[in-house]
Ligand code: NAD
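Here's a solo chain for you in structure tokens, the form predicted alone.
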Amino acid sequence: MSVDLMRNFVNGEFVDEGRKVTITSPVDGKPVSEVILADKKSTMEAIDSAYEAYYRSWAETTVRERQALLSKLARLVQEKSNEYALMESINTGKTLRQSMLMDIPLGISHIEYFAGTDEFKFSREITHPEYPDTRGIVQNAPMGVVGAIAPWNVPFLMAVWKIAPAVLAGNTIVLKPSHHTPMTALNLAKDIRDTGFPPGVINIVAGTGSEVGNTICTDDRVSMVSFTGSTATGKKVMSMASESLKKVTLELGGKSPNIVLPDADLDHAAKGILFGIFLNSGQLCESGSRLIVHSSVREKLIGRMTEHLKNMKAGNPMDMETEISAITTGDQLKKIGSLVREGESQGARILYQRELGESVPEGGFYFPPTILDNVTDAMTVAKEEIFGPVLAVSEFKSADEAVRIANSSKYGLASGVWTRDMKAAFDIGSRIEAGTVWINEYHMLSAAAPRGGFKKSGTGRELGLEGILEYTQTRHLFINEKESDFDRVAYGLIISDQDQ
């Protein structure tokens, strides 16, 4: 596909400041677009415009006014959903099937959720039990200017998840999509402009972390930073943001387990586990990269999984029949290969690897879906996020052992439990240290459900009411309409009443 030069979106206009680069597709290595990468100057201008827009008018808009704009944005994006899907796949290497049937429709439905939810209330009234003659109002006030930094793996969804709740809560925003995969976010800017959002409310500036990201994290006018990416980079973001005491939410790495109990529906579990790790070639933060299976059903389950893997269609991801995605960057492809080799050197063995051969386009980035066996807790492949199509298998004999293995990771983003026994599922699920626990399911994301991590998988939540509230700060109005007996007692501690 071919698109025009893509520019950054600042104060309601597309700007040329920055460095022009060519975007090549991981599908086949061919150029697909030219993009202006923002520099520090244009990032500062985006922050300027967001700051001015917030104080000029946006903070005073009503929730209903903001939702009306989000609803219109959803309709405009829906009209171009095929265009977005093509752009998302050619830029990231994920299959067109995934973009058309999952990522883009899911993103649109999530905009619609924020456009229609009635869960978010700007304020609520409370009573003060100590002071019966008074009342209180707790307001969810906007943070102000939000800086949002998104990763390269699901750029359209991430743009939606950062923008929609932030502006609904009354903030203005400067979004930095990854410089590797900026195309759908910059395309979204066109629909944001056509929707009629006031200039400066939403700014989108693609660029590197060292220029754009660092500027967002250190500028005093940015009140909050929402970051999604690696744990290592998240620590740097938090450190930079701490200098000006910004609020920070972090959605970071994962090493998510899928626990399979002996009574599980193995046909269903086999498909769900494969979906959990091989969707988007494992390049999802919550990918189910560890299989923890009861020893009594291990062979049967893996047998069914390998049969499905043999039938997964390899080919050009831009073909709707293809089921195996490319790896988005060359550096990530090298990292995956290096970690698998390290796993083998530490005693893991490749139980199955789906050969791709000449079925995938020449010049693209591809790694064969792989299952590693004989994996112990001490191995790197059990501890570190591979972020690729690699599943590490271990066994357990008791539920307590399964929970121990699942919680042995420093991460805690997501997990899955497969069983017909709902009491056991609830018991195990409630003991797993993870922000999301799927039961007989995986990867299904609801806009109404909070998403985020325990431990080194981050802090704060996205989506749902909790995700909206992250973009707010509370203000308490203590209201006393007339002098009370308590006032007389309290004030009398320091002021004598001469009339008495």
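Residues carry their position along the shown sequence, with the first being 1. Treat the numbers as computed from the prediction; the structure is a model and nothing was measured.
Just so it is clear, the following notes concern the form predicted in complex with nicotinamide-adenine-dinucleotide, a form of the same protein that is not shown.
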{"query": "Contact segment among 229 to 237, 194 to 202, 96 to 104, 421 to 429, judged by heavy atoms lying within 4.5 Å of nicotinamide-adenine-dinucleotide in the model of the complex", "finding": "229 to 237"}
{"query": "Check all three, N153, M158 and R451, heavy atom within 4.5 Å of nicotinamide-adenine-dinucleotide in the model of the complex", "finding": "yes"}
{"query": "Option touching nicotinamide-adenine-dinucleotide, based on a heavy atom within 4.5 Å in the model of the complex, out of S109, T208, Q346, T134", "finding": "T208"}
{"query": "Answer option from Y84, F387, F114, F367, heavy atom within 4.5 Å of nicotinamide-adenine-dinucleotide in the model of the complex", "finding": "F387"}
{"query": "is_contact(E251, nicotinamide-adenine-dinucleotide) in the model of the complex, heavy atom dist at most 4.5 Å", "finding": "yes"}
{"query": "Partner contact for R290 in the model of the complex: nicotinamide-adenine-dinucleotide, 4.5 angstroms, heavy atom", "finding": "no"}
{"query": "nicotinamide-adenine-dinucleotide contact in the model of the complex: G412, any heavy atom under 4.5 Å", "finding": "no"}
{"query": "Partner proximity in the model of the complex: G276 to nicotinamide-adenine-dinucleotide, non-hydrogen atom cutoff 4.5 Å", "finding": "no"}
